[in-house]
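One chain comes next, on its own, written out as structure tokens in the form predicted on its own.
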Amino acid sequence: MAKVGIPRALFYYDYFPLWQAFFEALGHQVMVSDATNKGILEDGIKRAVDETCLPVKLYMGHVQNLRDRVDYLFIPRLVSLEEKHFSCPKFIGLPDMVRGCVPNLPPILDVLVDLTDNKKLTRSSLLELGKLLGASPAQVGGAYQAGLQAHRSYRARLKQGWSHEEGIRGSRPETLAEPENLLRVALLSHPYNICDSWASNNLMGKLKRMGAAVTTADALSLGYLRQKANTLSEQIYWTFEKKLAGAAMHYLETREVDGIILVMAFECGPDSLVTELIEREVRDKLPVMTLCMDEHTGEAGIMTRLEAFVDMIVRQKSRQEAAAAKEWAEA
């Protein structure tokens, strides 16, 4: 039985249940890096090149955290997750970046995921991984089906309103019923920007303490999000950014939320383009704010902006309710 390490960063919040079920079905132990802390960030900054975004720097730190504790590191190469759409270039080259930045690594399980024109290559890559781990093609196929089932269950929990961490654990604490008339805020970003409470300055927790119910893009189905994104005037060819744009269009149409907060990592090219596109569509129709995060982002600045945004929404809702009451009284 080998120990397979999975860094608690980047697409961990999207696919960890799938990977965990896959490797455990093959009889191996899955180990996850520690929760993000100052030491992990400092290690990542030392290892990563200056031009990389905060999430990639954190990833390098999580790799360093796992390096001496596992037999293998699982770092897939995510090229394309849907036809004619692509991942960030740093995702595509992530295994090579890790090899170049972090020394003395255990063997890296570098699986190619390319669903554009190379589905056969993805299957072949999985079989090569299984061969390296001593598994037969039939065992790899069975493990992959187990992983897909775990992923479907995880996605179902997210659509029921579970947080990503609760979905990964498969359990959630019993909570009191939420009070009525809460503000509802859509927090739209890659899960790795908002689910890592240390790196995000606990955005979700802060909003909830301010009386806001928080929802994310993962509360909606992927197929529906892609459909809504196609209503934009501009085509989006990055898979993850397309999901965020689709969520923004959904909330703009349904008005299920009182405001939208877009969170992007500094130096992320795809995010900077798509957040600008979303803002153009949403502004003047629904309150929207963009937060740009990097390793220098301070908690005080985040609190000030969140408080101002929530206060603006509260005052706007009060004016709307007063106008509606006056119109009703005069009718």
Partner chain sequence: MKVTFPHMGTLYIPLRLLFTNLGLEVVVPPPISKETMNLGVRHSPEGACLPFKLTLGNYLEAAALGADTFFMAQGYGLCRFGFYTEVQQKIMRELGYDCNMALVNISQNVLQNLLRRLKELSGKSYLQVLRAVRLALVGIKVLDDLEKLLYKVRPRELRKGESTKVYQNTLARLERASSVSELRRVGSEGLQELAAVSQDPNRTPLRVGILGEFYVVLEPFTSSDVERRLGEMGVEITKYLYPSDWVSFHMFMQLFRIFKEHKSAAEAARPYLAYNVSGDGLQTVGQTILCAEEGFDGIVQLYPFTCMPEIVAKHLLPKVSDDYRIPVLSLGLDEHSGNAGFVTRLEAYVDLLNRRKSLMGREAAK
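For clarity, every value in this text was computed on a predicted model and none was experimentally measured. Residue numbers count along the first chain shown, from 1.
In what follows, reference is made to the form predicted together with the partner chain, a form of this protein that is not presented.
Contact annotation for the candidate site: M204, V214 and P287 all lie away from the partner chain in the predicted complex (no heavy atom within 4.5 Å). Between the partner chain and the residues L54, L262, V70, M60, the one pair within 4.5 Å by heavy atoms in the predicted complex involves M60. Taking a 4.5 Å heavy atom cutoff to the partner chain in the predicted complex, the contact residue among L126, A247, L109, M97 is M97. Exactly one of the stretches 218-226, 147-155, 97-105, 134-142 approaches the partner chain in the predicted complex with heavy atoms within 4.5 Å, and it is 97-105.
Within this chain, S233 lines the site of the partner chain in the predicted complex, having a heavy atom no more than 4.5 Å away. At a distance threshold of 4.5 angstroms between non-hydrogen atoms, C88 is in contact with the partner chain in the predicted complex. Interface membership of G161, defined by any non-hydrogen atom within 4.5 Å of the partner chain in the predicted complex, is ruled out. Looking at D43, you'd find every heavy atom of it more than 4.5 angstroms from the partner chain in the predicted complex.
Shown without its partner, the chain has A48, V49 in segment 36-50 as residues with a non-hydrogen atom within 4.5 angstroms of the partner chain in the predicted complex.
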